[in-house]
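Just the one chain here, the form predicted alone, laid out as structure tokens.
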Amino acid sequence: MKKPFRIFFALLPHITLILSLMLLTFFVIDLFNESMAFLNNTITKYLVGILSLLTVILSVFSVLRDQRPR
């Protein structure tokens, strides 16, 4: 049971990085071409929600990991 959690938490920073870069790309494209409306569609709203949730999880576990006695 520990192995899937270990894999998940090893991949979590990479997933949040990819989603962040996607959202930054959408933001830049939206600045230059407003007709694309990336920030006004449903997919972007879900991406922001997923990124926020994963960031909270990553932050909590980073804090807990740093507080462990060595």
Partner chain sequence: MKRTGRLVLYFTVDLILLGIFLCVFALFHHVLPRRIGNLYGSSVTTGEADWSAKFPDKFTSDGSVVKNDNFYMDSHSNITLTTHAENGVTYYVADVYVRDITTLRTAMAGDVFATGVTDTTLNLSRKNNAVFSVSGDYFGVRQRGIVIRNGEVFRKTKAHQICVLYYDGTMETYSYTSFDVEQAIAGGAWQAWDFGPVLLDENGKAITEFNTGIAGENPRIGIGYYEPGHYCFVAVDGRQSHSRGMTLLEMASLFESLGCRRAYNLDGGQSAVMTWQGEIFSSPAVPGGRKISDIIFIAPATNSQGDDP
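None of these values were measured; they are calculated from a predicted model. Numbering follows the first chain given and starts at 1.
What comes next is about the form predicted together with the partner chain, which does not appear here.
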In the model of the complex, is there a heavy atom of the partner chain that lies within 4.5 Å of any heavy atom of residue 36, even though the partner is absent here? yes
Is residue 22 close to the partner chain in the model of the complex, meaning a heavy atom pair under 4.5 Å apart or at it? yes
If we define contact as a non-hydrogen atom of the residue within 4.5 angstroms of the partner, is residue 43 a contact of the partner chain in the model of the complex? yes
So in the model of the complex, does residue 17 come within 4.5 Å of the partner chain, heavy atom to heavy atom? yes
